[in-house]
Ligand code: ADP
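Single chain ahead, written as structure tokens, the form predicted alone.
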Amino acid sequence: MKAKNKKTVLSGIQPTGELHIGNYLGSLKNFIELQNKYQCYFFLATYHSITENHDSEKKKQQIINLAIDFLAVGLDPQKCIIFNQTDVPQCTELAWIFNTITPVTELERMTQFKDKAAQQAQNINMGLLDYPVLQAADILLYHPDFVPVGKDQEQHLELTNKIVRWFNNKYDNYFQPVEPKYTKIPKVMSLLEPEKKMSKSAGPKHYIGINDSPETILNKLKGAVTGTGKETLLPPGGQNLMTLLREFGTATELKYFQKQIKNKDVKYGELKQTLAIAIAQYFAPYRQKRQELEKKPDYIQKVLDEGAQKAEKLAQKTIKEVKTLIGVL
């Protein structure tokens, strides 16, 4: 399973709808680089996604769409293991075992639980509270060396390593602490509310989808909140557009608009046009590849099935050893 002396990395993304450029810069772009350096497990965090309000029929398609996105952006099943979380049931077995050693007070103080509970006040379910324990199981099931995270996930990884200590102290020195692999994630903000992080839940005009057409990208950017262009300090909306230009534009384009900022004469219409072209061109190969993969449902399923078989081989070994240690096998 694991190449000799090759470190292991694990990460997942929830299938909750189309991906936007914030998702790409925050995760997928990094995944592509990691698969060339490490033994990587990249999974569709489907169980996590159903803690939110969802439609069961749409969920099926969201799972397939995310698998297509993984492949279309450049993840290679010959270089990494891609699988659906629900196809490896050992994660829920291990989560239950971890539940028996995790204090409820640790879960109640989780920032993400408080945030998500506020977002869906009519559906504060146990899954929202227990989310970090399942996440710990997702991670420790495969004994990875690193987990790539942004600062917003730091608290969850800290809990994972607490669970490692609690388990090892109670049973045996079996699990090893997991190191965070902090990634430089550009903070991509909403187009209409640039003080808030880009999110699908706010509505389609707030984000740019990686599968958006060039026309759609331009229309969304035209509506982006900016400023007058004469400010001494660039407003949040202007800062957000410049962040995107750094990621998707050329060095020449960046220098050109930085000069405008210095001169307090930012032409936002021109910046939006330039940025729209840059983003559209950047994701053109992805859109083409995605169209090709949409015509190959059997291949997509094959990738997920083979990935699950590889992942489950290690998962079965881990759960068997854990059950032996706790005295139930």
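Bear in mind that the values here come from a model prediction, so they are computed numbers and not experimental data. For every residue, the number given is its place in the sequence shown, counted from 1.
As for the form predicted in complex with the named molecule, it is not shown, yet the points below apply to it.
Checking 55-63, 267-275, 283-291, 26-34 against the named molecule in the predicted complex, the stretch whose residues place heavy atoms within 4.5 Å of it is 26-34. Taking the partner from the other structure, the named molecule in the predicted complex has no heavy atom within 4.5 Å of any heavy atom of His143. Under a 4.5 angstroms non-hydrogen atom cutoff, the named molecule in the predicted complex lacks Gly307 among its neighbouring residues. Although the partner is absent here, Gln153 lies within 4.5 Å of the named molecule in the predicted complex, judged by heavy atoms. Contact annotation: Ile13 falls within 4.5 Å of the named molecule in the predicted complex, judged by heavy atom distances.
Note on the partner interface in the predicted complex: the residue among Leu245, Leu71, Ile185, Val225 having a heavy atom within 4.5 angstroms of the named molecule is Ile185. Taking a 4.5 Å heavy atom cutoff to the named molecule in the predicted complex, the contact residue among Ser199, Gln239, Thr216, Asn161 is Ser199.
Relative to this form, Pro186 and Ile261 separate from one another in the predicted complex, with their C-alpha atoms ending up at least 3 Å farther apart. Relative to this conformation, an increase of 3 Å or more in the Cα-Cα distance between Pro186 and Met242 is found in the predicted complex.
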